[in-house]
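Shown here is one chain on its own, the form predicted alone, set out as structure tokens.
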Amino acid sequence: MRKKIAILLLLFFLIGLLGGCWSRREITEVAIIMGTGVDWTADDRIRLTVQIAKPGDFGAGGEAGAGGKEPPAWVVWAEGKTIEEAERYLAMKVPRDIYWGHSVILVLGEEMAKKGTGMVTNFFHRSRGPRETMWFMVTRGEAKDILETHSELAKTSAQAAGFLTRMETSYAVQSREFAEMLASKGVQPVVTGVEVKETGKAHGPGQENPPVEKEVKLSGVAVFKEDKLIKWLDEHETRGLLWLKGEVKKGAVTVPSPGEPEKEVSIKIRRSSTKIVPEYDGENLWFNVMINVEGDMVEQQSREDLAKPEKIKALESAMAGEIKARAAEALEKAQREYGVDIFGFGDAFHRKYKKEWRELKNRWDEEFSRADVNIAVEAHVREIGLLTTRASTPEE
């Protein structure tokens, strides 16, 4: 009898562990957000814009999108005094439950970023719905314009912006990384910049003169002081930022050919690393920055033989000089014009001088602006490809 009771209790216990479908939500009942934009309006309100996927257009072999007749996403917006209030008004327009879990990007308009990101990020970091892995971006115009564009190669403009960011050709920041930078006193935030630009023409049947299409384009980085946008770095200055932060993972460096300086040579980056060493004697503060980079020559405009050792050394010297110039340009902007440490020099100082950091952390940007920075670059060309000279160079 005891055995039967024990088996019965065990069965009841196991039944309680079985999964159910009580909280399920069908795909036809949810509005899947692909991209989110936030703007500050002229009448001092927050405009929340979302790009909602049309599930039927995302199936295999779907014809919607760039070449289809119907767009694969619906862009809708609402305004409110807060993000939550705007979402409530948005829910009155969207006939489904709003689902944030698939939002690829969170983009802020320029005016919103100047007012302060705290009014935006508080909602997205506090709520359980949005993911902290969303790509965080700032546009020079309005975020609504970014979401209203389309893409010729991706289903939606939000996905296209996410793909561009993941390609690591510029500086990429996720929502959680932005929050970490805000919490640190050793670095000021920088965020991926985007804008809408004319990119090209989409040719197709019956299109003799198609219009020029506008799509999302990466556009340098937005520089913040605490949670407010203050300035921008262009594409060249952003490259210097990446070198100083040790974030260069791909790309190329173009330098003059040693014997024909009017011709160019392109060297593709294989790997790189950056080491920041702070020095402090109680009064004077300075940093030694060491950048190491390796690359392969992939293009040559000149006709000279670049396989010779002295030519390789000349290329390495020119490559090091170009990288140092880019880094110095970004450093000059941050130190002299903007007065903010966007490179993480403060974090490096904190790791080495923990006691002194307690005294300097609350005025770190001022200390950084006065600090000397010595940049040293060591560059190596590892391969020159299958050709030692241009294929069109005639033999003597």
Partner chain sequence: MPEKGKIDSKQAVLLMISMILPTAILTIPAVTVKTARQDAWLSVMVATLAGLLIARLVVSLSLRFPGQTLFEFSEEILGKALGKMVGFLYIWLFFLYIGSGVVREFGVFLVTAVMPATPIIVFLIVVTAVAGYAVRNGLEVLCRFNQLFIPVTGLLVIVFLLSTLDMKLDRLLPVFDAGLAPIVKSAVTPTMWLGEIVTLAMIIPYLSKPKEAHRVAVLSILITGFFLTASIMEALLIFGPNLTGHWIFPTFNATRVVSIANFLERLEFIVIMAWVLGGIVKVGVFYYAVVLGSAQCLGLRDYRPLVLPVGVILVALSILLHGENIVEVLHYIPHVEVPFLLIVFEVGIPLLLLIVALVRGKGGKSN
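This is a predicted model, so every value here is computed, not measured. Numbering follows the first chain given and starts at 1.
The same protein has a further form, the form predicted in complex with its partner chain, not shown here; the description that follows concerns it.
Peer 1: Flag Lys354 as yes or no: does it have a non-hydrogen atom within 4.5 angstroms of any non-hydrogen atom of its partner chain in the model of the complex?
Peer 2: So Lys354 counts as contacting its partner chain.
Peer 1: Find out whether any non-hydrogen atom of Gly141 is located within 4.5 angstroms of its partner chain in the model of the complex, and reply yes or no.
Peer 2: No.
Peer 1: Report whether the minimum heavy atom distance between Glu247 and its partner chain in the model of the complex is within 4.5 Å.
Peer 2: The answer is yes: Glu247 has a heavy atom within 4.5 Å of its partner chain.
Peer 1: Are any of the heavy atoms in His102 no more than 4.5 Å from a heavy atom of its partner chain in the model of the complex?
Peer 2: It does: once its partner chain is placed as it appears in the model of the complex, His102 has a heavy atom within 4.5 Å of it.
Peer 1: For the interface check, one of 345-353, 39-47, 324-332, 366-374 should have non-hydrogen atoms within 4.5 Å of its partner chain in the model of the complex; which one?
Peer 2: Correct option: 345-353.
Peer 1: Which residue, Ala179, Ala318, Leu90, Ile230, is the contact with its partner chain in the model of the complex, using a 4.5 Å heavy atom cutoff?
Peer 2: It is Ala179 that has a heavy atom within 4.5 Å of the partner.
Peer 1: Considering Ser257, Ser266, Thr199, Ser184, which brings a non-hydrogen atom within 4.5 Å of its partner chain in the model of the complex?
Peer 2: None of the other options qualify; the answer is Ser184.
Peer 1: Within 106-135, which residues have a heavy atom closer than or equal to 4.5 Å from its partner chain in the model of the complex?
Peer 2: The stretch 106-135, when checked against its partner chain in the model of the complex, contributes His125, Arg128, Gly129, Pro130, Arg131, Glu132, Thr133 at the 4.5 Å heavy-atom cut-off.
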